[in-house]
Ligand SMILES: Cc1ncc(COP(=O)(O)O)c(C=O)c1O
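Just one chain follows, in the form predicted on its own, and it is written as structure tokens.
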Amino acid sequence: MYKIPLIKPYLPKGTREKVLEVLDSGYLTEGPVTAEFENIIENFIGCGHVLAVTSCTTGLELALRALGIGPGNEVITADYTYPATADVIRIVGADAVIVDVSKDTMLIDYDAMEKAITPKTKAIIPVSIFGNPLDYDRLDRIREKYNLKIIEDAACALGAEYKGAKAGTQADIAVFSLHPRKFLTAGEGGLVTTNNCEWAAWMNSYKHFGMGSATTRENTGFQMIGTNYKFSNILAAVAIEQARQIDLLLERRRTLASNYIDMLGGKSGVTLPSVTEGGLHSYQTFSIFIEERDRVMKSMREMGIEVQIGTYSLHMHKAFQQPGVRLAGNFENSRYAFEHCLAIPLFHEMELEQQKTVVRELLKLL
């Protein structure tokens, strides 16, 4: 048990009562509490449709299937991301094309992405890594020039903004995570957002076994083959009080991040990743670049401070060195991020003295 954890779920007052209310109702599967949760998120983001699903991974799969992407198609994504981002491309039968990231932001390298486009390319899945928003001026030009769809892996980016527009409004379809490491969590789950009515209806049907009218319990017949990606009332009850306080949660995270920036900015041996110009970071994760990352990580864990790598460099793994995956580039920047990025503690109830302890011990080790 760490004295200072990396993340600690914040379950505000009323969460326990909401869960007990669902248990007492006997209506445990997806239902009115799920719909209420979806509506809160829809109003917060300002998008046309929100669907709660079993995970961010299944949400990304839903998005690809809704756009008709499968065998014979290519989808481009970033090398520096959790494997699920590329996994879903192969799961639907398309070929995954993996490109490098920018060294300073760890976001997809837009030039490398454009160079990787072929006549088979149908979509791109850029990742708003750690809550750093994507540059949609660049993405929109590429989308229009090549007639591509954008599915944003926004797993960490709930509340992030680009030029005043929230993540979840600018991609064709965006998908968020509700994993316990995320600041708004249900324990597990995901959120899919889109402004397209037809795609929303298709995804809603598919996640209800292909039911023709998934928004009611009427037997209107099954219109297509589907599956079960429903998000239960119990999970919604865990998340709903957090969702009602989402602006407060984001304000707190940005305050904590600002403290770290003040304490670490300009310090020898520490480099802070860049935030997208015109972007507002959600700081799902506060990360830094350091030398000898693994040594520092081991020592900080031994003293009770939980730190972690940022994420993975996909090209280094056997799963992405097989047919159906095209590695486009040398991945110099992705490998640098994998070897040097360190995620440090950031959670809602963190105190300034805890942040000072993290920084003090980190700088000693450097």
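We number the residues from 1 along the sequence you see. All of these numbers come straight from a predicted model, not from anything done at the bench.
Below: the form predicted in complex with this ligand, not depicted.
Taking N132, T193, T85, N233 one by one, only a single residue has any non-hydrogen atom within 4.5 Å of this ligand in the model of the complex, and it is T85. Proximity to this ligand in the model of the complex, defined as a heavy atom within 4.5 Å, singles out one entry of A52, V33, L64, C56, which is C56.
Although the partner is absent here, K182 lies within 4.5 Å of this ligand in the model of the complex, judged by heavy atoms. Heavy atoms of A237 never reach within 4.5 Å of this ligand in the model of the complex, leaving it off the interface. Shown alone here, S287 lies farther than 4.5 Å from this ligand in the model of the complex, counting heavy atoms only. When this ligand is considered in the model of the complex, I108 lies well away from it, no heavy atom lying within 4.5 Å. Remark: of stretches 251-259, 74-82, 135-143, 90-98, the one touching this ligand in the model of the complex is 74-82 (heavy atom within 4.5 Å).
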